[in-house]
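Encoded as structure tokens, the following chain is the form predicted on its own, with no partner shown.
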Amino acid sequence: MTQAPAERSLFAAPVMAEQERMVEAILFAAADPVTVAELTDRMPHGCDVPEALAHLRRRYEGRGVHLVRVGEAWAFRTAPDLGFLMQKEAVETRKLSRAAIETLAIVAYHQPVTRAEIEEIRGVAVSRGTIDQLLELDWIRFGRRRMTPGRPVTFVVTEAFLDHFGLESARDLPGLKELRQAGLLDNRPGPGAAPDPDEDDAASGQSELFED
């Protein structure tokens, strides 16, 4: 009986300050955001990872880097007001066609959504090139198949999309009013309009929306 406390102490979780240090070390070394489950698997048994994250997030408030949530994962990111310090002398601009921008917006706001539903909302056909481009950017991914005839695949946005735009989840997306003001949801052909085979590749439809 006298050895029980000593035995329990061998398996006791580290104090919270040490758990914070562990979480900090893992996230600092990680190339991609890390989920709570992944942190839990790597830390000693009994650690309270959500609590350690909460403490660590408060500790980094007002600092040059912040602990932010990216979907279901966590990562360190430069404080938004200091982003200008990270700019490179040579800026590479990637352009998306209007079709790709609208498709991305529809996936973000209506996910999980099928290709047929995207075409119904846009009122025009969506080329395979548009979908492939967004998949290659890792801003959308395949979701679950619908339990409907043909079992069509659905599309959802990725954590890379959320991370790129500084969002914790799709719930943080701007409203449709803001999208219309940005010109992303207006000037679209109405339902029943004939698809334009050149629309996806039209240079005039490109927008300088994303910059690295």
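Throughout, we count residues from 1 along the sequence that is shown. It should be emphasised that the depicted structure is a prediction, and the values quoted were computed from it without experimental measurement.
Unshown form predicted in complex with another copy of the chain; subsequent notes refer to it.
Trainee: Does V49 reach another copy of the chain in the predicted complex if we count a contact as any heavy atom within 4.5 Å?
Mentor: Output for V49 is no: heavy atoms all beyond 4.5 Å of another copy of the chain.
Trainee: Does any heavy atom of R146 come within 4.5 Å of a heavy atom of another copy of the chain in the predicted complex?
Mentor: So R146 does not count as contacting another copy of the chain.
Trainee: Using a 4.5 angstroms cut-off on non-hydrogen atoms, would R69 count as touching another copy of the chain in the predicted complex?
Mentor: Flag for R69 set to no.
Trainee: Determine whether any heavy atom of Q111 comes within 4.5 Å of a heavy atom of another copy of the chain in the predicted complex, and answer yes or no.
Mentor: Q111: no, not in contact with another copy of the chain in the predicted complex.
Trainee: Using the arrangement in the predicted complex, list in sequence order the residues of 69-86 with any heavy atom within 4.5 angstroms of another copy of the chain.
Mentor: Heavy-atom contacts to another copy of the chain in the predicted complex: F76, T78, A79, D81, L82, F84, L85, M86.
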